[in-house]
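A lone chain, given as structure tokens: the form predicted alone.
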């Protein structure tokens, strides 16, 4: 009789555990590589010179067993690269996979290198077609470091992606216990774990003991309110970035980009989008003759760039790399400079 009672209790426990697990949110982790999956044989105190993207998504998941207590986890390896090598092809693959998965899961986490995380986040913010949470996460120290920040960052990202509070917030970046909106977040330091900031708007929330606390929201259109759709696209229009500086020599770089097929150029201008006179005339001619769309941004890292009223467009307060993403997507819809300027004003 005692054995039967113990058996019944064991069965009830297993049933209760199964029911509890089914009540947890479903979160898919899509891995792309980066420092969070980085490894080195040089020792636990070494945080440079590692191989990014050395570990698989299963290894990352298994390193944080606490994840199973907050979500039903599945993992997929989209690619395994250093994010400085990110490509349009990976972006399109990610976007399409996310839009498919969000029909059946509650949220998505993307593990990503920090170098280009802000660009991927902004791209997805404009092309994901769901109000369910999509969270990018990475690390500044490799997984082999004794001070590795990846495991805690990953735990926070999964908690955020599975939270009902995160619905409708757009694509987010979760790093260093802080939540950032995809449009405004940027990497500001080469080494510090606190590298991500949002200079123009600030963070939108924090994560404390696995619970997100929101204090702001992304005000510009995103996800379900965005007009952009990459379904069926095999490539994106070519857009390059020019950098202006004192004694900027000539129009050689701009000409090379145009000859290589660039449909648009973003200028990382000095101050509020100023461009050296040695290349300004050529850029104005490109805009006037509609050979390319030219957008002024700023190399300063924050602040609004006004309209120069000379045929070139202004990027609002988007940094050059974010302006490039928006211009690429704008060119999938139109070549009309006035319409493209309205897109920059809107997004």
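Residue numbers count along the first chain shown, from 1. None of the values given here were measured: they were computed from a predicted structure.
Below, we turn to the form predicted together with a small molecule, even though it does not appear here.
Give a yes or no on whether every one of 227, 328 and 347 sits within 4.5 angstroms of the small molecule in the predicted complex by heavy atom.
No: none of 227, 328 and 347 comes within 4.5 Å of the small molecule in the predicted complex.
Can residue 139 be called a contact residue for the small molecule in the predicted complex at 4.5 Å between heavy atoms?
Yes, contact at 4.5 Å.
Taking any heavy atom pair closer than or equal to 4.5 Å as contact, tell me whether residue 97 reaches the small molecule in the predicted complex.
Contact check for residue 97: no, nothing within 4.5 Å of the small molecule in the predicted complex.
Determine whether any heavy atom of residue 28 comes within 4.5 Å of a heavy atom of the small molecule in the predicted complex, and answer yes or no.
Looking in the predicted complex, residue contacts with the small molecule do not include residue 28, since no heavy atom lies within 4.5 Å.
Even though the partner isn't displayed, in the predicted complex is residue 114 close enough to the small molecule, meaning a heavy atom within 4.5 Å?
Yes, residue 114 sits close enough to the small molecule in the predicted complex that at least one of its heavy atoms falls within 4.5 Å.
Please identify the residue among 186, 163, 83, 125 with any heavy atom within 4.5 Å of the small molecule in the predicted complex.
Of the candidates 186, 163, 83, 125, 83 is the one lying within 4.5 Å of the small molecule in the predicted complex.
Have a look at 152-160, 239-247, 87-95, 114-122 and name the one stretch with heavy atoms inside 4.5 Å of the small molecule in the predicted complex.
The contacting stretch here is 114-122.
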